[in-house]
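So this one's two forms of a single chain, laid out as structure tokens and tagged structure 1 and structure 2.
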Structure 1
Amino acid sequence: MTTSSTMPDKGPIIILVNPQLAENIGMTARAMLNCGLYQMRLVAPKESPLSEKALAASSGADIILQNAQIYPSTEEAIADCDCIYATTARRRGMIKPIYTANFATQEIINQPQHRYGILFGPERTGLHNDDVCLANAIIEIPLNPEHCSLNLSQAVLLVAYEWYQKFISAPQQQFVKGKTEFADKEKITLFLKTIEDKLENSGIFTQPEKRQHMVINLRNIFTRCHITEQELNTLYGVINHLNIPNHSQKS
């Protein structure tokens, strides 16, 4: 487990304003750790981040809860930050830029010299206007307008997730194949020739057009699926085990 002294302090500070339920504090800690965010601040929480309920709900993200800092007011919680975003689900007559979670987290990544804090309001009411107006911009997560009420920890999860995706820049697609390698084209060609010969001998190709059609389909299948050596061995095993009738020998 990460210890307090080695806790990374990159990434925005997650500030929960007046959270009501210990479970939500715990689940938020879990979501933060899932996404590599370590700094939690709580403004006048109703329950302790170290309560049994919070610790249980964090599913092992104790480190976040143990290091959570508690403040009496939002102003004090944000005092050492130089840019604040406020998350809201409803618009409320503020004159303010509104960013998606995607856009806001890209801003955070683009400006590593700044210390960012992100405010999340209490479960039932969301942030008060007195808190929203302290923010440089609003984060509004684009959701189904017919059902946009998110659980507190899920709102944190989505923002933290957006940040982490940009922070790590994970490859968008990979191919896992364990210890085997892709079969090279020579092996694939040999394999295709083997089945084509076996089919030829079995007498399945009654008409030349049928032969061409089947051969092209088989070649497409076994090249498109980017077959590995391990899989090729399985296919040879199957083909050799099957007793494919050899009509050419019989005739």
Structure 2
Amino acid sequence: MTTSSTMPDKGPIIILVNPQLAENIGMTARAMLNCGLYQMRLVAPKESPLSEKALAASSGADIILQNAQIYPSTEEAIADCDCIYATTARRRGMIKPIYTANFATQEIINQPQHRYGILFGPERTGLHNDDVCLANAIIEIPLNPEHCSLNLSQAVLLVAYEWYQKFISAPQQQFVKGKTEFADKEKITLFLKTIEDKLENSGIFTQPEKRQHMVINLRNIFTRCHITEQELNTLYGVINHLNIPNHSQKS
């Protein structure tokens, strides 16, 4: 995976309002570190971000939890921010712009001089109206309208990944071949000739038309796929150890 542009040292601040479970705080830290976000703020959490449960759930994202800042209120947590987004699946009758996470994160990137914060509500209830009204805009993640409830860390991951993917250029498809190389046409042709000779000696080709059909099928099988030198060597070992009777010697 390669970067397509330079990722800022600091992305948007992830602000968890009244998180209830240490495990969710830890899993949120894990999601943040997955996507290159390092600033976590907690508003009156029920449990410590440095508890054993939080640290275990972070799966190594301890740096996020160790640097997490705790505030008594949402107002204090966002006081130094220039712009705040509130994530919620319920619009609550607010008169506000509603953005997708993709649009919101692009706006953050376009305004690097501003400090952005993104609010996420408690696990059971989501953000309260008193919190949503403090935001400049709402982030809404389009999901199945019949069930759009997300775990706290899932919601953070979805938004954070929209941010992260704007800085990466991942190949759409890869073929992992390890230390070996793809076999060239000469080696594949030599291997096919070996198989054909083995089959010829076994007496399987009793009718010329069937021989041609089988040979074409075999060649199609091995020329259609990306076969490596290591795989060819394995196949050589297999056919050399098979007890294929030599029909010409029998007659």
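Since the structure is predicted, the reported quantities are computational estimates derived from the model, not experimental observations. Structure 1 provides the reference sequence; residues are numbered from 1 along it. Take the two forms, superpose them, and find the largest set of C-alpha atoms that agree within 1.5 Å; that set is the rigid core.
Pick the form predicted on its own out of these two and give me its number. Answer 2, the form predicted on its own.
Hinge candidate matching the rigid-part switch between structure 1 and structure 2, set Ile63, Glu75, His226, Phe167: From the list Ile63, Glu75, His226, Phe167, the one at the hinge is Phe167.
Quick one: report the rotation angle of the small rigid part relative to the large one between structure 1 and structure 2, in degrees. Rotation of the smaller rigid body relative to the larger: 17 degrees.
After superposing on the rigid core, what is the C-alpha displacement of Gln173 between structure 1 and structure 2, in Å? Core-aligned C-alpha shift comes out at 5.8 Å.
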